[in-house]
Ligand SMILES: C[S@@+](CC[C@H](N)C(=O)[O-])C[C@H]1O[C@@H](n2cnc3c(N)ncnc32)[C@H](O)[C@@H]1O
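Quick heads-up: it's one chain on its own, the form predicted alone, in structure tokens.
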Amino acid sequence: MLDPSDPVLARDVDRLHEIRAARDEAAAEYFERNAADWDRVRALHLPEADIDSAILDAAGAGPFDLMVDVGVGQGRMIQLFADRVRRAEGFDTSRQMLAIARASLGDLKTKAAVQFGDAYAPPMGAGTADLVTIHQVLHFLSDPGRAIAEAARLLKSGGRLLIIDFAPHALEFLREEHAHRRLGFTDAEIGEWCESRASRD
């Protein structure tokens, strides 16, 4: 009901785009700065062995013909699922992270590949993956729901989307020091995004 040509609204929209672009740039700089030290940064949060076990249990035994990892980082999810997938592909917007991922996945090069790609425009075809993982990515994004919709689009019928991220918290320092855009998500919030996607299919 609002007039889109209203100069105040137009200015607000322009400013919103500027703020989002600045935050995207800050996040990109953060990943470039911390890529080489990402194992230490990741270990600041929760015990990895417990998380890995829960992830594998949630995904199921497989085997999966094609796994896609959104925001692949250093390739950790591909390594975790290496014995459950026939082929794994990951993508990320950080070229520094991709360089490290290629090195860390060297032993898996016959079944794993990584490339540059955006969560909002995945570089893979729709309906190709049996398993898609989004591990600790959503809290960096301005539009997590859109990323979930794009990840779900990659799934074959009956495929599985596995989302791993923070529950709601009040650790404000993560915004300032670690480029987090969101302080976690409720199950209901992620459920609504998934249901919204399912209702369009």
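As the structure is a computational prediction, the values presented were derived from the model and not from experiment. Note that residue numbering begins at 1 and tracks the sequence as displayed.
Keep in mind that the form predicted in complex with the ligand is missing from the display, and what follows is about it.
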Subject >> Proximity of Arg153 to the ligand in the predicted bound form, heavy atoms at 4.5 Å >> reply: no
Original post:
Any of the heavy atoms of Leu174 lying within 4.5 Å of the ligand in the predicted bound form?
Top reply: no
Original post:
Can you check whether Gly73 is within 4.5 Å of the ligand in the predicted bound form, heavy atom basis?
Top reply: yes
Original post:
Ala149: heavy atom within 4.5 Å of the ligand in the predicted bound form?
Top reply: no
Subject >> Residues of 134-152 having any heavy atom within 4.5 Å of the ligand in the predicted bound form, listed in sequence order >> reply: His135, Gln136, Val137, Phe140, Leu141
